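Presented as structure tokens, the chain that follows is alone, the form predicted on its own.
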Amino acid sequence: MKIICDKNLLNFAVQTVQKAVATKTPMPILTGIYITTKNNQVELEATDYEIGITCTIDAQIIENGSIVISGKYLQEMVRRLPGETVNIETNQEDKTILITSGTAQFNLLSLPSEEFPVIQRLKTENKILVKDNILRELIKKTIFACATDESRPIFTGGLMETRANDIRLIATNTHRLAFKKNEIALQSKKLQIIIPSKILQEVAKLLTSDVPIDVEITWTQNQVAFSFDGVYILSRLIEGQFPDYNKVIPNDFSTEITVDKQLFLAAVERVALLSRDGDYNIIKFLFKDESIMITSNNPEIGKACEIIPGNISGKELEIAFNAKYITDILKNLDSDIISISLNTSLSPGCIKPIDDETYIYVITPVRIN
């Protein structure tokens, strides 16, 4: 193989697929990046069998071929190359790869390309199109609510589903639930799959286009793929039955609060400073009259209290929450004013922006004495 390509394009492709390079594996081939030539383009691939990523870039193809290079060294090297173009050439006799750019020259040992598990693209009629800005927002507003405990895999992913003309993403760890939906063009295929949160996070990081582009989502019974702008991401799905989220979202509330988001967030973060050493990071809220009292108590450190203004309707209420569950949602809301809806000190409450009916966050309180 002999190719010449733009360094910035190559660096982008390497950084993109690097996320799928295996770091701890008994199979050395999975620590490499597979590079092959196709139709005057260069395709880079990496996979750890959980996720596979392909990135295609334009290049000048002098001689076709396929190689596998150590992902760790290729990533560091390409980023630091001095020239504007990169020449990659293989030597079949000693199984080495010559990489030159500007004044720099590297000779790397190659891995056997015939052993690399080349990513097989999904062949299915199950596909929908979603704009990248919509998909990015769905992921940002929900995925932080997923569980991190692998003992209950069903909660480590997000439920993605479509209705007649909208797409939804729901995430929960059983103590909180984030729900977001967006309108999309009418789709012929109905989607309902559970995608690992790790995959959704990587997809969101790669959706950086300034102008909205289409993302094609294809799926089978146990795999899902996202295709956009020369990038193809393949992942396994999480098997199992996601809980009925509609039963979790309360319909009526006896106490309604509206408050400035930044004011509320800053106060919660300050009061939570003294609760971090506790088992549950608990802070208490007292919603009364036109004020919100936020308190924390750590017997080994001390107490904290802050009172901020809020618009409260309904009965007064004292309730406790995990502080992290509150700050997580506040940091992911774009609205300046938020609403908090509650019933009792032991029943789930809802937090949402006052100007967006497509998003809701349900949080379970902590029992207090």
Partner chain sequence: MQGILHVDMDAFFAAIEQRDNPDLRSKPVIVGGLGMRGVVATASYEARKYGVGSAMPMAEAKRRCPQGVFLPADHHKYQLESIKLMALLNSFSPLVEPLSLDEAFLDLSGMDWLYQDEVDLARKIKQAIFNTLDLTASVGIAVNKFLAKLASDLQKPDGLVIIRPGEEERILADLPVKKMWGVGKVTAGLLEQMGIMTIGQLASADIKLLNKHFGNSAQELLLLARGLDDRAVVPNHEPKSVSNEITFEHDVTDEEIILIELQALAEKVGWRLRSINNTGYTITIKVRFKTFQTITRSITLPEPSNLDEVIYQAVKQLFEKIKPAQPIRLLGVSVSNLNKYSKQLSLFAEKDNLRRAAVTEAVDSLKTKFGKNIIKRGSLLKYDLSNKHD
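Please read these numbers as outputs of a predicted model, since none were measured by experiment. Positions refer to the first chain, counted from 1.
The protein also exists as the form predicted together with the partner chain; that form is not presented, and the subsequent description refers to it.
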If we test each of Phe155, Tyr232, Phe144, Phe179 for a heavy atom within 4.5 Å of the partner chain in the predicted bound form, the one that passes is Phe155
Would you kindly say which of Met77, Val248, Leu122, Leu237 lies with a heavy atom within 4.5 Å of the partner chain in the predicted bound form?
-> Val248
Taking the partner as it appears in the predicted bound form, which of 187-195, 80-88, 216-224, 144-152 has residues with heavy atoms within 4.5 Å of the partner chain?
-> 144-152
Indicate whether Val366 is a 4.5 Å heavy atom neighbour of the partner chain in the predicted bound form.
-> yes
Find out whether any non-hydrogen atom of His175 is located within 4.5 angstroms of the partner chain in the predicted bound form, and reply yes or no.
-> yes
Report whether the minimum heavy atom distance between Ile354 and the partner chain in the predicted bound form is within 4.5 Å.
-> no
How about Tyr34: is it within 4.5 Å of the partner chain in the predicted bound form, going by heavy atoms?
-> no
Report whether all of Asn322, Tyr325 and Leu346 sit within 4.5 Å of the partner chain in the predicted bound form, measuring from non-hydrogen atoms.
-> yes
